[in-house]
Structures are given as structure tokens and as C-alpha cells.
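First comes one chain, alone, set out as C-alpha cells in the form predicted on its own.
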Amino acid sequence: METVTITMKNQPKLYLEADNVSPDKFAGKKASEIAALHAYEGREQTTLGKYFEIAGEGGATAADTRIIVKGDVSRVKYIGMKMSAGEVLVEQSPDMYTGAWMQGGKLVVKGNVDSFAGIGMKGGEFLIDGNAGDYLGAAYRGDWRGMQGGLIRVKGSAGSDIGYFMNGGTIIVHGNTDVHVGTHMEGGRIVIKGNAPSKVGGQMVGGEIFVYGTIDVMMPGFKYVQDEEVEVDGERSKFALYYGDTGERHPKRKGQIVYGKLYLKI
């Protein structure tokens, strides 16, 4: 695997849209060609080379390409957007839309990520060592297609509206979340190993939400069913199972109504 290291040298005055920072876009290119790839600062089209020092060259394919992003990228958006293979390591904390519409490969952020990280994600592994902002693994504003596949793991806490319109895949948050977890959820699995204040699973029609800590206010549309022992993230634990959101229309499968499942650890 070939490694390309990009290091911030000139901070943008506005925010930099760097959707070309992806193994798919770097593959088969030398440093000079990578530097010439476009980026946007505000409405002005510019190049990656204006902001980053580029060292190394891409592999023959995206799967053969590893990118290391160094320096302060707190004003850089869309890192790893639509990547399908390969690896990206971000050593500090990027701005919004990191890993947006990711399809494969491995994306690691050693710091925090801002809002809309992993939106519309279809595959791959997205690991965040710090905290995540709002709308993690959610749908784009005005869309109904949230996360559909892959894994997002947050070692810290996450903001509000995670898994909004989620259809598949797994989100694991080791800390706490804010409100509106799994709103309009239709599939997939969300695991919260800390606490969630309220509005968990509102209007969900499918999928699974696991909360290891507390829910301050349970949504009124959830009905207790039974206690179950379930394997989650490699460990078996006992949970109280609730069906919901009972106020929504739910599909039928083999004559049985399909509900979303909310598990609260006992």
C-alpha cells in the first residue's frame, strides 16, 4: 500500500471543501497531480496544493492507497467523501461531512468530528477517537436515505439526531448522546453505551437501538415486551425490550407487524 501524506501549510480564511481527499481520487497520481486536484474555498475554485504540502504518491487503485492528513484541519470539510476503499487517517479534528456517503475502506479520526459525519454511509469502517457532532450517520437535510451500511464507532460522545432516517449499518457510541437518537429509523443498529436524555427512537419503524445507561424520558409510543439476553458488540447482556414507535404505521412480514426495537440495559 502506498502512502500519501498531506500537511496543512496555509489555513483557509473561509472553510475549505476538500472532497478530493480520498483514496479514490489520489489513486494512480503523483504528488504534483494530487496538488492540482480542485478544492473550494467559499465559492472560489482552488487547488489542494494551495493549502497542503503533498508527499508520496497514490497506489495503483484506491485499495492500494493510504492517506495521512496532518495539521489543523478544523476548517476542512468532506475528507473521505464517497471513498470506496483504502485508508484515511486524520490526526486532528476536521470540520463537517467527514466520511459523507462513504462506501468502503477505513477512515480513522484521532480527534473529534463535526456535524454530518458519515451521512448516507453505505459501507466501510469509520472510527472516531474523540467526540462526534450532530447528525452522525444521518440523512442529508431534506433526504430520507440515512446510513445504509458499514460501521461508525465513536469512542467519546455524540450530539443530537444521530441515525436520523437510518436504514442499515451500525453506529456505536461509547459515551453519551444528545436528543433525537434514531428518529425515523427504518433499519440498522445504534448502540449507546452511555446515557441518552430523551426522544430516543421517535417515529422509528424498524431497526434496533440499545442504551446501556439511562433514558431520562421514554417516548410514549414504546411498549415494554419482555426481558432478553442479546449479544451486542461482542458481549452478551440482559436488556428490557420495548417495541415502538407504536404511533407509526408499521409494515407486516409473514403476517406479523414489524416494530422498531428499543433495548434498555438491565
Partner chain sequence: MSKSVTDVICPFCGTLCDDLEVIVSDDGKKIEDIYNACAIGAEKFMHAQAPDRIKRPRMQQPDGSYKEVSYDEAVEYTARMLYNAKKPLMYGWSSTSCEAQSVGHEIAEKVGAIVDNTATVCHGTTLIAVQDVGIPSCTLGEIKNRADRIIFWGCNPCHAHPRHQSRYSVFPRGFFTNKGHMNRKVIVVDPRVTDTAKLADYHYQIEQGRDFELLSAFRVALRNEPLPETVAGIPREKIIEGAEVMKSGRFGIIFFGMGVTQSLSKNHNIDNAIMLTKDLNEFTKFSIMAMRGHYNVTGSGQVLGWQFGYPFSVDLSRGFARYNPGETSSNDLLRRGEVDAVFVLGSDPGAHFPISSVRKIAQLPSVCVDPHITPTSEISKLHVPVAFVGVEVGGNCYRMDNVPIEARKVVDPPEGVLTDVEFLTRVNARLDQLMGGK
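Numbering follows the first chain given and starts at 1. The model shown is predicted, which means the values in this text are computed figures rather than measured ones.
There is also a form predicted in complex with its partner chain; it is not shown, and the following applies to it.
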Name the stretch: of 102-110, 176-184, 123-131, 149-157, exactly one has residues whose heavy atoms fall within 4.5 Å of its partner chain in the predicted bound form. 176-184
May I ask you to check whether residue 214 falls inside a 4.5 Å heavy atom distance of its partner chain in the predicted bound form? no
Please run the contact check for residue 57 against its partner chain in the predicted bound form: heavy atoms, 4.5 angstroms, yes or no? no
May I ask you to check whether residue 89 falls inside a 4.5 Å heavy atom distance of its partner chain in the predicted bound form? no
Should residue 19 be counted as a contact of its partner chain in the predicted bound form, where contact means heavy atoms within 4.5 Å? yes
Of these, 193, 189, 77, 82, which has a heavy atom no more than 4.5 Å from its partner chain in the predicted bound form? 77
Non-hydrogen atoms within 4.5 angstroms of its partner chain in the predicted bound form: do 28, 210 and 236 all have one? no
When its partner chain is considered in the predicted bound form, the residues of 227-247 having a heavy atom within 4.5 Å of it are 245, 246, 247
